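The chain below stands alone and is given in structure tokens; this is the form predicted alone.
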Amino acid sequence: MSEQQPKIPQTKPRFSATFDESTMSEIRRAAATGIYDIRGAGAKRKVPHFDDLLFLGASVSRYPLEGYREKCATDVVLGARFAKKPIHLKTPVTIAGMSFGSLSANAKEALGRGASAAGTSTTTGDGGMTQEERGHSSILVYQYLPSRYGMNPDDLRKADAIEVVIGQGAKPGGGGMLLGQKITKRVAKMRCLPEGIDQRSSCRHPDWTGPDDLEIKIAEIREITDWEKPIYVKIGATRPYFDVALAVKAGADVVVLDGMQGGTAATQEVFIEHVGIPILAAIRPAVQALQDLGMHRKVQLIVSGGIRNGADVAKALALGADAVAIGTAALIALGDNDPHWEEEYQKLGTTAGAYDDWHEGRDPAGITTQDPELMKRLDPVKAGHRLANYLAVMTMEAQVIARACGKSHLHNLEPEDLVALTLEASAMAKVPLAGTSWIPGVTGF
């Protein structure tokens, strides 16, 4: 009988931290196709975010408010700096700009219905104003973009506010994309484009080269709208202190600040993941710019990029924002990435919760598509009701937190109510590391 051979320990395969499976897959895809990858949605990498902050609820040193007896207000007024008709919202949660073209007409209608039921505003996008959107949005913000697609003075006057878009969080410094399969006859007519041909929007406005020209453009828009409409300026989060300061000096009533977690209909993935900064890192410099100019709360700050729940809303307001805007979360509330369509997501090579090929126009949920048959799957009435429910829950969650901190209005939340769980979040949000009084770069040990 031969002697039994000793067993050799089996080692587990080790992937490189630099060249992980996803990275190697992308290298192979790029080598095979010779083109960069395009997708929708926002950044998927993990970055410091609102989850890295916690609230300090009231106890002995502060009294909480009774939920059913003591009022905690949630309303916000936007645009009172210069506009004759500022906007008054019941909730500080607004709907971000998403275009007809990237979204179906039913989706735009549903957004309007849901926002109106919740007492807040919705926003157009690159491509102009649709009848469905204006007809079902009690408060509609009209985006004025570099492309000027669908822009006309009549629609400017029909809107309740104008948002001059300089950039967005998913692609600051970059223009939009809309592939030919989504440019139907109606979309092409609204944008004055040839039907079925890929479109790339400009990355900058054609008629100005700096903040002085922005000031001139804002003055022109005010004249067109008889100084009635609040003028927003939207910027992607890159250099928030200077960009916010320049927007205020140019005459903005409201500044919209969009972090890198903010979504898009379509752009290069390398752009989404590697350009811009997280919204958590952008809020405090933006607020500081407003404070240095004596304009905090006089010029309102709306922040967006990865807002998901009432806790995120409360934290953004505690850091100094006046309101927030949601985009991706609103689409999920309508029915985007719903497991109900899992079988069809599988056929597209993905799964519910991960689908981001919004540019292809094959969305099974009927939201990011112009396919007539797919669009029929989204009932705008039911979808709008779901969005209204979601907005109500977000508002109530923010109220619960504010009451627990002893605040009678969401805008009374302040940085002192927060602590951070990580060094990065502490440094970015400029609040103490939990259990200490230390803020990296601000206070001593």
Partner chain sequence: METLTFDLDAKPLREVNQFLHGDASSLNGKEIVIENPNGAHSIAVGLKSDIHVTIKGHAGYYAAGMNQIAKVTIEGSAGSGVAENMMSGMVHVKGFASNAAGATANGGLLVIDGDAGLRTAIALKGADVVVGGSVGSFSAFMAQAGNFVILGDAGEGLGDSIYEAKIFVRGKVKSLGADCEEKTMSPEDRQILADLLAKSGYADVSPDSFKQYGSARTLYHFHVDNAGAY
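These figures come from a predicted structure and were not determined experimentally. Numbering follows the first chain given and starts at 1.
Not on display, but discussed next: the form predicted in complex with its partner chain.
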Residue among Gly349, Pro372, Pro194, Gly353 with a heavy atom within 4.5 Å of its partner chain in the model of the complex:
Pro194
Just one of Leu293, Ala73, Val77, Ile224 has a heavy atom within 4.5 Å of its partner chain in the model of the complex. Which one?
Ile224
Based on heavy atom distances of at most 4.5 Å to its partner chain in the model of the complex, which listed stretch, 312 to 320, 234 to 242, 144 to 152, 277 to 285, is the contact stretch?
144 to 152
Taking Val47, Glu133 and Arg186 as a possible spot, do all three reach its partner chain in the model of the complex with a heavy atom inside 4.5 Å?
no
Even though its partner chain is not shown here, does Leu156 get within 4.5 Å of it in the model of the complex, heavy atoms only?
yes
Taking heavy atoms and a 4.5 Å cut-off, does Pro339 contact its partner chain in the model of the complex?
no
Using a 4.5 Å heavy atom cut-off, state whether Glu273 contacts its partner chain in the model of the complex.
no
So in the model of the complex, does Asp357 come within 4.5 Å of its partner chain, heavy atom to heavy atom?
no
Only counting heavy atoms and a 4.5 Å limit, does any residue of 179 to 211 reach its partner chain in the model of the complex, and if so which ones?
Arg191, Cys192, Leu193, Pro194, Gly196, Ile197, Asp198, Gln199, Arg200, Ser202, Pro206, Asp207, Trp208, Thr209
